[in-house]
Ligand SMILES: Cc1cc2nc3c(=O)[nH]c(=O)nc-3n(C[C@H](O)[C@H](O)[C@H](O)COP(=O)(O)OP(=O)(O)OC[C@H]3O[C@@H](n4cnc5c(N)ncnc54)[C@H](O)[C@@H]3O)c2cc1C
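As structure tokens, one chain now follows by itself in the form predicted alone.
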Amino acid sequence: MNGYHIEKYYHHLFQSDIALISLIHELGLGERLEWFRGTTGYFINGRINRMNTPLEILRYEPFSLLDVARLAFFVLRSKMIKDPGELDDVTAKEWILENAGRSVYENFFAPLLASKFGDSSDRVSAAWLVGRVTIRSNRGLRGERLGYIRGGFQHLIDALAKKIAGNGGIIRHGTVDRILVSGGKARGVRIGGETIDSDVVISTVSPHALFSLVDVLQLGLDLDVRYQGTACVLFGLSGKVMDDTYWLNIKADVPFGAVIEHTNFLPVSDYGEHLMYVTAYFQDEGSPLCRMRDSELISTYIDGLEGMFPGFRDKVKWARLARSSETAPVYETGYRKKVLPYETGIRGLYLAGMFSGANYPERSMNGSLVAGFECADIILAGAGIKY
């Protein structure tokens, strides 16, 4: 786009993403990986409250000093939990109320949970929240450090593709119509009427998508993993919108839950224009966020942004909507029992993705990469191959 690569959905790395960072270096992209200060804020009562340093958190408008102390205690207690799965049957709401109090819940966590999980927010497990807090609370006195591949994550995709081709692999593009099974074993896949024979098939699609690809009764697995969707608009802008905030959480009557000003994270000189993501989650395909025409949804977002940032409309140069009905699992209570194994009841058919144990209790690019590695280890071990 305009001579540069930019992701459809916002991306960054955490310093705990060991497997992903290792892969980036392995593929010769280490010099492109840079770490920046990921500034955050909270839009509430018509203004942005910066939330990066201890002093800024002390100044958070709805909080008393006691609320700040309770939030700090909550974060410390969450980080001390070695196995978040122990809280799988406890709701996040219950855990917050018990350990941080109602004010912290209503003025800080409740809007975040609502923007992330909508009508499902009251059923989200404390295991997910603890996992999330642990990832996001690695902050110094000046805030959080986040990583990005300069020039975009397309460099990672290109390097992977080159490595695969160099090792004799073939990458095919197209939609899989069916996973071919006979005699209880996966034999290949069908793409656009063409059959591709294979010894092993690894499916990374959502459990729901498997219903159209294979006889799921043969899998011998409970596929009751509920996903939610995302409607994310990327705006190209003529100027800066927020002073220096990268990630803005929102408690306001707008149709989106977060604003991510990418060029407050990466230098605007990398792109020659300002870039901002605006995103919302939806819980089912009947949601207006899923059913609206692209132009209508973009217009709705612009109206909301104009109310938050007067003059925003005049800065918009272009807008692109990315929308998916199966973005990520909903980590409800009891989710741990639904985590899918890599092996299935069909020989030669394996599952690896956001639904795998490596992505519990919170999904990430790193977790999906680990899931792929762990699945490959099982396949190779089963074939007696050492490497």
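Numbering starts at 1 and runs along the sequence shown. Note that the structure is a prediction, hence the values are computed from the model and not measured.
There is another form of this protein, the form predicted together with the ligand, and it is not shown here; the text below is about that form.
K.L.:
I'd like to know whether residue 91 contacts the ligand in the model of the complex, with contact meaning heavy atoms within 4.5 angstroms.
P.N.:
No, residue 91 stays farther than 4.5 Å from the ligand in the model of the complex.
K.L.:
Give a yes or no for residue 41: in the model of the complex, does one of its heavy atoms lie within 4.5 Å of a heavy atom belonging to the ligand?
P.N.:
The answer is no: residue 41 has no heavy atom within 4.5 Å of the ligand.
K.L.:
With the cut-off set at 4.5 Å between non-hydrogen atoms, does residue 263 touch the ligand in the model of the complex?
P.N.:
It does not: once the ligand is placed as it appears in the model of the complex, residue 263 has no heavy atom within 4.5 Å of it.
K.L.:
Would residue 183 count as a contact of the ligand in the model of the complex, using a 4.5 angstroms cut-off between non-hydrogen atoms?
P.N.:
Looking in the model of the complex, residue contacts with the ligand do not include residue 183, since no heavy atom lies within 4.5 Å.
K.L.:
Out of 77-85, 172-180, 285-293, 96-104, where are the residues with a heavy atom within 4.5 Å of the ligand in the model of the complex?
P.N.:
Comparing against the ligand in the model of the complex, the contact stretch is 172-180.
K.L.:
Tell me, out of 319, 354, 51, 346, which residue has a non-hydrogen atom within 4.5 angstroms of the ligand in the model of the complex.
P.N.:
Comparing distances to the ligand in the model of the complex, the residue within 4.5 Å is 354.
K.L.:
Among 305, 133, 124, 213, which has at least one heavy atom within 4.5 Å of the ligand in the model of the complex?
P.N.:
Looking at 305, 133, 124, 213 one by one, just 213 meets the 4.5 Å heavy-atom criterion.
K.L.:
Using a 4.5 Å cut-off on any heavy atom, which residues of 51-86 would contact the ligand in the model of the complex?
P.N.:
None of them.
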